[in-house]
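Presented as structure tokens, the chain that follows is alone, the form predicted on its own.
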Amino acid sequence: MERFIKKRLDNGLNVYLYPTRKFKTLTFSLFIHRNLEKENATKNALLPFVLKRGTKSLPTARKLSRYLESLYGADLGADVVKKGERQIIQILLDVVNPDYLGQNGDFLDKCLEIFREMILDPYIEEGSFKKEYVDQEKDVLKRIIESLFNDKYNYAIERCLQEMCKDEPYSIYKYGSIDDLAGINEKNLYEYYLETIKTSPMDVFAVGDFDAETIWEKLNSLFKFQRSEIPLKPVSVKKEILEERFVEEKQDVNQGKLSIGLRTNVKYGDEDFYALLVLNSILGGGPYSKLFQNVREKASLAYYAFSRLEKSKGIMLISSGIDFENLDKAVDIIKIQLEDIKKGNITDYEYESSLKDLINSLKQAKDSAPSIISLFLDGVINGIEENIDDYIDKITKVTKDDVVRVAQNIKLDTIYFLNKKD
């Protein structure tokens, strides 16, 4: 069975190696973990855009792009993701396995060196990021944040989570806020970045057909820099709900967007997590689910209806598109679906289809290096290091009784409705 091999550099950086003959490319991902905090969220979101603009030896995006082309189309990128109450900066490198190039040479060393350079030697001028790059990327980030307003499907989901977690870090948008962009400049962003790589927990993953000891030695040599890690804040998952909240917002929209946020009080790493996964699948995971069958198909109350989990925060989110006048009917029938699960009204078709769908999705993930890394990273964040086969094994053992038991702790927190203007 293929598994991650964990090693640790003297400076505290974790290295996870996954040798496999399944892929013809080698994938490397470095993750920089930050607390999700309002004062730093916009800086964290801006950094990947600035880092991609150039490095010490390749100071422009054009030179960087042409160099990557010379490395047989190596793909080097950066992004920011939100997992629970963490904001994570990701640097990704995907390169063809040198074994398929008919050469050994220094090809992989060149690829890994530019990977290192983007992280540890970004392009700077007079002790700061280049002003032009920062100003341009602030404008790009501003437009990305603004674009959420026009994407009503995701806007309604984000607004529900913001209202539901109003006093919690999880309410912060992964790209930060436009208001905070004004206070960011090339100097304070660079100073913040130096502090970030010096103090943040960091993980680097490698997946591909390689000798683990060889890759370990290369990474150990490249990322041996002085740092002093500061632990991240713990995430609060359990919350008592005294009463349901209803939030309505009115805009020029053609279809009502209904989002319902629920507290499951279970997160990845808890014993009940796998039963919660199956529960979510039964409720709104696919065409076999209660939301699809009963809300969309039989009652014709929704154009779409599904549920999803935020596994590091213990939140379940139900999303649907409805006609404006059907709000009360839709909320009532959605509540009935969850109550049916609590009462044990789960058909064999719903249960077996849910297990099959979850297991198939995980098996498909084994064919994608980024998916293998992402799933394992979820575990690392939540204090559990398990491979996909472990995951599948635990899901297979979930019974209907487990699902019913876990359902008893789920509480509706917030109903958000994006309505049309009067």
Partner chain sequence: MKLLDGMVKKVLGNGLKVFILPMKNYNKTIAVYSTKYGSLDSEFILPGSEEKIKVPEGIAHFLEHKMFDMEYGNAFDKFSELGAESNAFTSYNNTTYYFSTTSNFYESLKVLLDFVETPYFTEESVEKEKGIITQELKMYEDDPDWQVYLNLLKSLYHAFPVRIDIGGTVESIQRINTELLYKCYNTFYHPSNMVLFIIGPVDAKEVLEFVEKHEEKRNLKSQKEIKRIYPDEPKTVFQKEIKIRHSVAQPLLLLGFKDVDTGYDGEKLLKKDIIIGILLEIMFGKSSETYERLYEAGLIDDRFGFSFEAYKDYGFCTIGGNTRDPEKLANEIIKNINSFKTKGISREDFEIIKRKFKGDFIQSLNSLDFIAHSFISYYHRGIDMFDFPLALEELSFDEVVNYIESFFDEDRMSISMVLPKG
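Positions refer to the first chain, counted from 1. Treat the numbers as computed from the prediction; the structure is a model and nothing was measured.
Keep in mind that the form predicted in complex with its partner chain is not shown, yet the notes after this line are about it.
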One stretch from 24-32, 374-382, 393-401, 37-45 that, in the predicted complex, holds residues within 4.5 Å of its partner chain by heavy atom:
24-32
Can any non-hydrogen atom of K218 be found within 4.5 angstroms of its partner chain in the predicted complex?
no
4.5 Å heavy atom contact, N387 and its partner chain in the predicted complex:
no
According to a 4.5 angstroms non-hydrogen atom cut-off, is I114 in contact with its partner chain in the predicted complex?
no
Is there a non-hydrogen atom of N254 within 4.5 angstroms of a non-hydrogen atom of its partner chain in the predicted complex?
yes
Answer key, its partner chain contact in the predicted complex at 4.5 Å (heavy atoms) among I241, I230, I144, L120: the residue is I144
Among A182, L194, I336, L101, which has any heavy atom within 4.5 Å of its partner chain in the predicted complex?
L101
Checking a candidate spot here: are S300, D323 and S361 all in contact with its partner chain in the predicted complex (at least one heavy atom each within 4.5 Å)?
yes
Go through 391-422 residue by residue and record those having a heavy atom within 4.5 Å of its partner chain in the predicted complex; state none if no residue qualifies.
none
